[in-house]
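The chain below stands alone, shown as structure tokens; this is the form predicted alone.
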Amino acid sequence: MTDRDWLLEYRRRLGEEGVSCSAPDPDTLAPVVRLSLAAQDWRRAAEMAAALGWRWAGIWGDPGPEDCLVRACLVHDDRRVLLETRVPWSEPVLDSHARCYPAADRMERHAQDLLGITFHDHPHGHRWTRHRAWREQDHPLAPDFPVHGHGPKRTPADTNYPFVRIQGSGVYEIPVGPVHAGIIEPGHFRFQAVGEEVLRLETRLGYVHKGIEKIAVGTEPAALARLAGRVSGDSTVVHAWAACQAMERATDHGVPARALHLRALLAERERIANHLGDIGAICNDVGFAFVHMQCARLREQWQRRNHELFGHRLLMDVVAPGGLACDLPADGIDTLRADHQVLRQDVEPIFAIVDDHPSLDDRLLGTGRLSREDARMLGCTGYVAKASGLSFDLRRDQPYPPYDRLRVTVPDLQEGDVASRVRVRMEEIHASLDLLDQLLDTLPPGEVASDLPRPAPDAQGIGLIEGWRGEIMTYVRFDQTGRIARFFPRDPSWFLWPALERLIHDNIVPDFPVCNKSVNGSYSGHDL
């Protein structure tokens, strides 16, 4: 079925349900298809998509003077559609998707807090992002709201958040955070337990809200790329790439082939570094420090090479609109080939220990199990989804250059436990090393940068990049002067945090650290 046939079929089904929809002119926002709905049909269109097994992938609003254009992304196989509707400021109310898509819960509340749109019949309508830093009538993404805000100098304590409580004999509550003993970012975890068994976990995030969506307004493309690289510091390459891809699609700009290959090389290096860190940290959380030390050693060597070849350990500010800020040095190919071979040799005995060691098996096998159904319902992607039988990967299933010319191997496990999430990481390291060799074998000559053309007024684009945590989706719209009018980066962590709440059920409290590390959602990537 072609894209046009698929679109017509979906529109036909919507029509049979009494839902009026139309394709905007132009009817594409590459690489997605747009459908405009009346506000009263908003939920019905989502209910039908949910019944068809589509994945809910995000929602954001684009505020204007008279109304707000609200868009929600749905994904099915290798196709995706944007449902869009306009909500007037005179009556900013829209039906919630959260009843049919639990994944929509917090992102709708984020839009409600920052834009002032009320999502009718939402199961949890209380604040999510704003905490108490703004007055009740303040909505920071409103066009007339100042970047610096005008709230109190000191934010009142967030003491009245309505955590759900379980009543019963022997049930007790454990509050953890938001400030933790390590160097991790702040997040509050509220446990309800009986003995050591966890009955319920509820997370409270938003403590590191940075105002990225507001700060982006009025910036130049190069500044936006730098800002995107700081959405989540451990995903700087892929967030910057998604933002640049969105801008390049908005301007219909072709990026030099060499730059695309090197972007992929950087993304795979970022994936390997983070997977090494996670494997070691998971093992350390159950008292197996040997693997932690070895993985830390390998990651350190890997990141030192990043600095040597590209100027930054975490590869910040290397990806830029139209290409890259720097090229791979002339001797870099030979250096990297040697590094790849050394890493393959070094991880083989380490991974063999992780894969079959009684003390690790005792703590990881069967712990923190997330079912395939729950992973799908919550919209998970990346290693969490792959460990639970959902092997979706943009690099293979909706490939973008240069992955459309590469062989991409994607892990597909079924158990959904901590051990499986570790195994996915190990398999992805091997797959990324193979991809890195393919990229070096096919690395084209030529330039690595080209000037982004001046965008047309209101030009817009969507970036879709497979990050190491999963699918990153970024929306960019330019204003009349060629500056940024709207920027929304959606990190996969929006869906990983609710998965953590689900998979900890019926586990014991001492297993929370390893379950948490096996998911490793980004606080910063979530707290825009």
Partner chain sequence: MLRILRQIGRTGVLTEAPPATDDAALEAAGIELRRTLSSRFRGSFAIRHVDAGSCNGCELEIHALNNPYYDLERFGVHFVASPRHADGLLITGPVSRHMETALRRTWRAMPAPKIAISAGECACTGGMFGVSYASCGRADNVIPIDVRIPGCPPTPTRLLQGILAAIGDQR
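The structure presented is a predicted model; accordingly, all values stated were derived computationally and were not measured. Positions refer to the first chain, counted from 1.
If you look for the form predicted together with its partner chain, you will not find it shown, but the lines that follow are about it.
Enquirer: Ok, 290, 163, 89, 191: which has a heavy atom sitting within 4.5 Å of its partner chain in the predicted complex?
Expert: Selected residue: 290.
Enquirer: Considering non-hydrogen atoms and a 4.5 Å limit, which listed residue (132, 79, 396, 200) is close to its partner chain in the predicted complex?
Expert: That would be 132.
Enquirer: Within 4.5 Å, heavy atoms only: does residue 155 come near its partner chain in the predicted complex?
Expert: Yes, contact at 4.5 Å.
Enquirer: Indicate whether its partner chain has at least one heavy atom within 4.5 Å of a heavy atom of residue 401 in the predicted complex.
Expert: Outside the cut-off, so no.
Enquirer: Under a 4.5 Å heavy atom criterion, is residue 303 part of the interface with its partner chain in the predicted complex?
Expert: Residue 303: yes, in contact with its partner chain in the predicted complex.
Enquirer: Is the gap between residue 195 and its partner chain in the predicted complex 4.5 Å or less for some heavy atom pair?
Expert: Residue 195 lies outside the contact set for its partner chain.
Enquirer: Name the stretch: of 416 to 424, 67 to 75, 336 to 344, 138 to 146, exactly one has residues whose heavy atoms fall within 4.5 Å of its partner chain in the predicted complex.
Expert: Among the listed stretches, the partner-contacting one is 138 to 146.
Enquirer: Its partner chain in the predicted complex: within 4.5 Å of a heavy atom of each of 23, 53 and 275?
Expert: No, none of the three is in contact.
Enquirer: What residues, if any, in 357 to 382 have a non-hydrogen atom within 4.5 angstroms of its partner chain in the predicted complex?
Expert: Only a single residue, 357, comes within 4.5 Å of the partner.
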